[in-house]
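First, one chain by itself: the form predicted alone, in structure tokens.
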């Protein structure tokens, strides 16, 4: 059978692409090498931060505004609770990348942030211990998205609109033909498509080997702790991002939604290959997070609960890759989400579906192109 679009990979971006393509009336197939709702890629871990005052680059803000709208639409249509605006507190020195970058995005896009000095942070959120000179930026309409629920909802919406899905089978190759793209599956099945979206997460560079994508895969560990104080539960405490001098990497985390306080060091871990990812958790994974968290929220890391290893697929400039294949515009590439992409899933899905089925998108994605200088010639 021939499809208008085949989506390879049904994690965050692939499931969203499948849903948007099916909503356009396209005959779609989504293929996932692992089981439905697996936790082996980058799109798991219960919670992800969503925020508009984006310190990474103000160019993301228009995409975030659209992502917010689409998350709320998905919650309505997908019968899943996928977003919770508990607020996000950014903390650091005034000159830190997180604070300076968030303020830049807020100025350029007229975003509302509440500035808090150290005493004000302690009054608002008892139990935190900001250092002298640290400031806080509270974004009240920021918060949390739930990755497993988001993927489940996107798949449900896609299948309700007629999309087909195949789990437990990998795509081993794709070949451009005159009348479309032919995909070969691990079980020998051949699938024909008018267009293909490659949303293979950490496996993208291997699948699209001809592009020699400069993706580095990094092991990162998310840790949950049982707190000894009630200050950090949902409703009392926001999600947070702490860019503190002396830390190995910035600390981010979430209030206790019932399983404990979750925290991690953003971008802290060794390089790996997807197939060789060490999923076992060692004391060396837990202690740096516990130490950083206790220094910021004493009592939050009273007892270790559990932890999970995940993967970042990092580009040299840590911006995403969303573009059509340079040798065949019927193939769309979406990857390199560099540990900060999940919040964008519904808008990336909308963009990829548009590129694949209509040849373009109204969204401003020039800074995410494969041909950008910082990707071709990283600084």
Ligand SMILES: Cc1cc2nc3c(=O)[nH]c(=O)nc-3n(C[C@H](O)[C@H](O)[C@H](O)COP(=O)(O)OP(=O)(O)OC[C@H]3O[C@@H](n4cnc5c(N)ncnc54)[C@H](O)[C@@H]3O)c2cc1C
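Computed from a predicted model, the values in this text were never measured in an experiment. Numbering follows the first chain given and starts at 1.
Beyond the structure shown, there is the form predicted together with the named molecule, which is absent from this document and is the topic of what follows.
Enquirer: Are 82, 225 and 257 jointly within 4.5 Å of the named molecule in the predicted bound form, each by at least one heavy atom?
Expert: No, the candidate spot makes no contact with the named molecule.
Enquirer: Exactly one residue in 26, 314, 49, 331 has a non-hydrogen atom within 4.5 Å of the named molecule in the predicted bound form; which is it?
Expert: Looking at 26, 314, 49, 331 one by one, just 49 meets the 4.5 Å heavy-atom criterion.
Enquirer: Among the candidate residues 310, 70, 321, 63, which is the single one with a non-hydrogen atom no more than 4.5 Å from the named molecule in the predicted bound form?
Expert: Comparing distances to the named molecule in the predicted bound form, the residue within 4.5 Å is 310.
Enquirer: Evaluate residue 340 for contact with the named molecule in the predicted bound form, applying a 4.5 angstroms cut-off between non-hydrogen atoms, and reply yes or no.
Expert: Flag for residue 340 set to yes.
Enquirer: Would you please decide whether residue 354 lies within 4.5 angstroms of the named molecule in the predicted bound form, comparing each non-hydrogen atom pair?
Expert: Answer no; every heavy atom of residue 354 is more than 4.5 Å from the named molecule in the predicted bound form.
Enquirer: Mark residue 19 yes when one of its heavy atoms lies within 4.5 Å of a heavy atom of the named molecule in the predicted bound form, and no otherwise.
Expert: Residue 19: no contact with the named molecule in the predicted bound form.
Enquirer: Considering only heavy atoms, tell me if residue 296 and the named molecule come within 4.5 Å of each other in the predicted bound form.
Expert: Answer no; every heavy atom of residue 296 is more than 4.5 Å from the named molecule in the predicted bound form.
Enquirer: Within 4.5 Å of the named molecule in the predicted bound form, counting any non-hydrogen atom, which residues from 157-176 show up?
Expert: The stretch touches the partner through 169, 170, 171.
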